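The data below hold one chain only, encoded as structure tokens and taken in the form predicted on its own.
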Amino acid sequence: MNVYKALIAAGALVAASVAPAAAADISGAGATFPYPIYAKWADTYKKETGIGLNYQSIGSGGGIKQILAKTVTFGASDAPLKPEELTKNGLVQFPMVMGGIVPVVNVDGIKPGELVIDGPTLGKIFLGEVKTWNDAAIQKLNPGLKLPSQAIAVVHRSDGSGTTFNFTDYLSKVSPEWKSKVGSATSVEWPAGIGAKGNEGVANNVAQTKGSIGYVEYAYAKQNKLPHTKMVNKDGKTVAPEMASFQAAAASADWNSVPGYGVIITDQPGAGTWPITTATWILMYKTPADVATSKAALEFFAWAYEKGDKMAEDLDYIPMPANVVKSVEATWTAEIKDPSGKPLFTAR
């Protein structure tokens, strides 16, 4: 679809969608997962207010490094920091939007949504144990498909990645072998495959490599016209990646159960749930050095919560529920203040 091509450019900067950053513009860096919606929001907000957003889509690991180095107004990560890390660094963390991570493939004759995969088999593929597309484990899940004897080429992230964190968190939940041999983190020692930078890098590599499989945020699969798989979820039901299945996965999340809203929603129960669904988080300082720009950032995020839902849904992201938005805005008022102790944002 043209809308995706317009939003996910070859470069990694939202600067492509927004005029060059002026002194008063907001700066952010981090996760590639939400780049398409942050780009859309930034472009619309610039037109409405004249305030720009310069967002570097460099991966969650890079975003965390940049906010800790105080080189950006906010960091963005799909892997939430733990409460003790937030306290140690004087940071506030909140979820901005949710979305789905999907396996994508480049196999001759396989159309989008035609191939079914389950968690244990996906784990064996990324462990390098299932090596060909006509392996018995894959064929059993797809009795009606004629699968080639083609070798499987695994594509994974090479950079510190929240998408990787959630993907490997899911694999650790469904595969004891994966959990013991590899585990879950923003960067892991991959047993097989080749690395690529960012969601865009994985998508491009899969598009160019016959027999390959990778994992990306759903918008990147659509933009690159990559065949995604269906998946067997925790309830044993085969589901497709779509708004309803992403919403089903997010429905039971208790966002206030963890300080910093760091709730992981992979492998949720429910007949209609997509098994690899995640939120993406923003990181800001409780007492920021640049008060004016930090205040502008909070106004932008409040605008996105209030007016950005339709734009998010158009790109297959899930807006945060109203009760979570209310809680987040109350957190801003209570915790993000100027040096004199005055809140930068007043909850509506």
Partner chain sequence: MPSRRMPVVDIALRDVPAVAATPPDRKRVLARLRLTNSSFRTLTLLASILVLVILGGVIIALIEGSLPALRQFGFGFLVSERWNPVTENFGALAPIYGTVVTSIIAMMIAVPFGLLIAVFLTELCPPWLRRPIGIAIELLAGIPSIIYGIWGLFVFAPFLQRTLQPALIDLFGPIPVLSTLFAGPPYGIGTLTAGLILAIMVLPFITSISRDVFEAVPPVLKEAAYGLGCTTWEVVRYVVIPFARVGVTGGVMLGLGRALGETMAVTFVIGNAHRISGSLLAPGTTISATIANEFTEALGDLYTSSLVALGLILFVITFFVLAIARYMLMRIERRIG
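Throughout, rigid core stands for the largest set of C-alpha atoms superposing within 1.5 Å between the two forms. Numbering follows the first chain given and starts at 1. Given the structure is predicted, the values throughout are model-derived calculations rather than measurements.
Beyond the structure shown, there is the form predicted together with its partner chain, which is absent from this document and is the topic of what follows.
Trainee: Looking at the partner-bound form in the predicted complex, is residue 210 within 4.5 Å of its partner chain by any heavy atom?
Mentor: Residue 210: contacts its partner chain in the predicted complex.
Trainee: State yes or no: in the predicted complex, is some non-hydrogen atom of residue 197 no more than 4.5 angstroms from a non-hydrogen atom of its partner chain?
Mentor: Yes, residue 197 lies within 4.5 Å of its partner chain in the predicted complex.
Trainee: Looking at the partner-bound form in the predicted complex, is residue 222 within 4.5 Å of its partner chain by any heavy atom?
Mentor: The answer is no: residue 222 has no heavy atom within 4.5 Å of its partner chain.
Trainee: Look up in the predicted complex whether residue 176 has a non-hydrogen atom within 4.5 angstroms of its partner chain, and give yes or no.
Mentor: Residue 176 lies outside the contact set for its partner chain.
Trainee: Of these, 283 to 291, 62 to 70, 315 to 323, 46 to 54, which stretch puts a heavy atom within 4.5 angstroms of its partner chain in the predicted complex?
Mentor: Careful reading of the contacts points to 62 to 70.
Trainee: Could you check which residue among 227, 160, 262, 272 gets a heavy atom within 4.5 Å of its partner chain in the predicted complex?
Mentor: Filtering the options by heavy-atom distance leaves 160.
Trainee: Which of 240, 182, 116, 107 has a heavy atom within 4.5 Å of its partner chain in the predicted complex?
Mentor: After the contact test, the surviving option is 182.
Trainee: Who in 80 to 101 is close to its partner chain in the predicted complex, meaning a heavy atom within 4.5 Å?
Mentor: Residues within 4.5 Å: none.
Trainee: Please say whether, between this form and the one not shown, the C-alpha of residue 181 moves by 2 Å or more once the core is aligned.
Mentor: No: residue 181 shifts by under 2 Å between this form and the one not shown.
Trainee: Is it true that residue 88 shifts between this form and the one not shown by 2 Å or more at the Cα, once the core is aligned?
Mentor: Result for residue 88: yes, a 2 Å-plus shift.
Trainee: After superposing the rigid core, is the C-alpha displacement of residue 283 2 Å or more between this form and the one not shown?
Mentor: For residue 283, whose C-alpha is compared between this form and the one not shown after core superposition, the shift is 2 Å or more.
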